[in-house]
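First come two forms of one protein chain, each written alone as structure tokens, so that there is a structure 1 and a structure 2.
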Structure 1
Amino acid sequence: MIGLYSPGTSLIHRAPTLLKLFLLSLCVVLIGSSPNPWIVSGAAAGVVLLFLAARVPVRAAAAQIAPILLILLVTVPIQGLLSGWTVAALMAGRLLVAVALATLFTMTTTVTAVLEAFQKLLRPFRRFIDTDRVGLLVALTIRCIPLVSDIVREVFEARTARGTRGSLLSIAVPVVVRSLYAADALGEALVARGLDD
């Protein structure tokens, strides 16, 4: 399973995950509450520098930020007419900076590192959450994604082969039923390995 992580050795890649997470939240809050266009433009320039320093692939980063541009294409004109173009530009800038920063975090941090950081953050709640089971569940799900993707793909192909277009139901029922069978098999395998003992 390939994540959004793009390998590298930059300072941003090597910084501790919790520190990155903390700085990210801090920046998002500060930029989000700043009414000054200069601060937001400065932050935007800073983000570009950070991306250059991290040397993440431009195309992959753009793919994460592009959907925001589509939304802004609709909302900036509305906002410009309702509350003035300065406010609209400021809001768009803040949003882009924040999304770009979050994307940078995700692209420079491995999934394992983020999971570990989450586990550390959850430590105070250890009395209520069985961390072993949560870990098992996460691993199981990651393993199940290709399995269920295959089921979905096969059902799509069967539908094309039969030439029955148009019915969502002819996809949903077999996908769900076959997924439930897969869950039964998985459950039995877990019991056989002593999970319920």
Structure 2
Amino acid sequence: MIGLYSPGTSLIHRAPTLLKLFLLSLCVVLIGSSPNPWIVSGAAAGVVLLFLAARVPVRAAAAQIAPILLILLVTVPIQGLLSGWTVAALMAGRLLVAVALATLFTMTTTVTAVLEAFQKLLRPFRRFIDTDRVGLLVALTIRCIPLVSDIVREVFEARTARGTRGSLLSIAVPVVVRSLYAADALGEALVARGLDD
């Protein structure tokens, strides 16, 4: 599995994985439940400062966050018309901050560290669940966030190159099909490496 890890020696890189996961989850829940645009704006500024502190490559980080903007081009106007522009702006801000935080976590944490952290977290439940599988599942889920963003970006680029315009369905179908192909290829790779189906 090719990760997005960007080696570094910053405090964020060296922070314990479980601490980073806890803070990521806490921030996403707090931002997602906050109706205050100032809190979401402050969180966005905080995320920018975290990226600067982590000293990850700007292009790599932007490449992972930018595709969500294409999704927001479709969802924000719909949300704005249906629920109001303040709600649409809040939704966009929350989504951008969550994706940026997930990207920062992925770029500063190795997949091995994520697996080990989840195995450690689930150790008390080893009798009931396979902690190795759960750790792998979580690592793959985190890795698939930027993968799906790349697929959406590529679908939009292909649509632009053809010069076509279409409905939301003309975007959703290729994204779903390509995501299923990627999931199938990943499953085959895992089976080839000794994990059963």
Partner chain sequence: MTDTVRSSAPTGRIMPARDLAQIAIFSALIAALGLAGPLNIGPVPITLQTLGVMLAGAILGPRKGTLAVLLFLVLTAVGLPLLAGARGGIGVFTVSPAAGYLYGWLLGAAVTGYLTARLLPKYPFWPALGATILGGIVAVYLVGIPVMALNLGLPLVTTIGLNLAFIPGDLIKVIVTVLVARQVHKAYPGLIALPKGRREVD
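Keep in mind the model is a prediction, meaning the values are calculated, not measured. The first residue in the sequence of structure 1 is number 1, and each one after it adds one. Between two forms, the rigid core is defined as the largest C-alpha subset superposing within 1.5 Å.
Each structure shows the same chain on its own, and structure 1 is the form predicted in complex with the partner chain. Arg55 is not among the residues whose C-alpha shifts by 2 Å or more between structures 1 and 2 once the rigid core is aligned; its shift stays under 2 Å. Superposed on the core, the two forms differ at Gly187: its CA moves 2 Å or more between structures 1 and 2. Once both forms are fitted on their rigid core, the CA atom of Ile12 lies less than 2 Å apart between structures 1 and 2. We note a C-alpha movement of 4.4 Å at Phe128 between structures 1 and 2, with the rigid core held in register.
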